[in-house]
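Just the one chain here, laid out as structure tokens, in the form predicted alone.
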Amino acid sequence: MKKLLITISALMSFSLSAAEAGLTFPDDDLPVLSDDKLIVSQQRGMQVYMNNCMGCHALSFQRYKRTSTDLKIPENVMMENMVFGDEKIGELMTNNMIKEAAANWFGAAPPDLSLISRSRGTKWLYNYMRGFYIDDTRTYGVNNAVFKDVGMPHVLESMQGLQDKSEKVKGLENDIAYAQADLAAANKLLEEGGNAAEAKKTIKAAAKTIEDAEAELIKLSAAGEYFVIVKEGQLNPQEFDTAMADLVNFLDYIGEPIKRERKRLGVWVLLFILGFGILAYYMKKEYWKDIH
């Protein structure tokens, strides 16, 4: 009996932790681009960033001139369209926001995003930027499906419009919430030395409910039916997704400006190692031929 209780308790702990971790939607991969298409995407992404994000989020590890060179933007075009105020082309990409004041406005100062793509990952960023939805309980009237209860307002609302979770999604999330409550009740029952068979039955049913609901949520997300637009923006959903992919590609470049060059050099380094390995092998055979 004791072994059974231990087994059920372990199953309960695993099921509850998995349910609490849950899934986040959207959960789409960032479209893969290369060469000139990637450069153009990063150029468009910089335009989105400078027009919508730079006022709050600096890129203080990067310089305008380096960006201009890497993204093949002529310096005069950069100065006329991307550099605001009296900054010079060689300066760092900072802003004038006072951190103390911003902390009072938003609860926390908006972070510098120079390394956000490296700390969060491009897939996370891509889904986060597309995950804002209506939530009247929040200060700014929106929440984020990827970063729950984030303090950031939906600054791209003019581009995307406003979206809300579909009724199917809300129903499935309610099912998951009730199942999680059943799991918690079963765990408490075990802790208090209650009916182990009943707890096991509850655990099994709740885990099945969560598994089925999450599978359905995955299908809805893949079909583009997780959210519904309730207020149209300047872009339709496909155009907005493309704009967010551009923005993330730009932030990915900012996080590691040398990445493209590193990958290019990496190919030659591997070829050198391969060639050197072959030469070393035949040299070894030549040195040891009289011994073997």
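Each residue number is its position in the shown sequence, starting from 1. Since the model is a prediction, treat every value here as computed from it, not as a measurement.
Form predicted together with a small molecule: not shown, discussed below.
- Remark: residue 220 does not count among the residues lining the small molecule in the predicted bound form, judged by a heavy atom distance of 4.5 Å or less.
- By the criterion of a heavy atom within 4.5 Å, residue 147 is counted among the residues contacting the small molecule in the predicted bound form.
- Residue contact check for residue 108: one or more of its heavy atoms lie within 4.5 Å of the small molecule in the predicted bound form.
- The shortest heavy atom separation between residue 63 and the small molecule in the predicted bound form exceeds 4.5 Å.
- Here the chain stands alone, but in the predicted bound form its contact with the small molecule, taken as any heavy atom within 4.5 Å, falls in 155-163 among 207-215, 171-179, 155-163, 69-77.
- For the marked spot (52, 113 and 125), a heavy atom within 4.5 Å of the small molecule in the predicted bound form is present in each of the three residues.
- Checking 33, 235, 56, 40 against the small molecule in the predicted bound form, a heavy atom within 4.5 Å turns up for just one residue: 56.
- This chain is displayed alone, yet in the predicted bound form one of 93, 129, 199, 82 has a heavy atom within 4.5 Å of the small molecule; that residue is 129.
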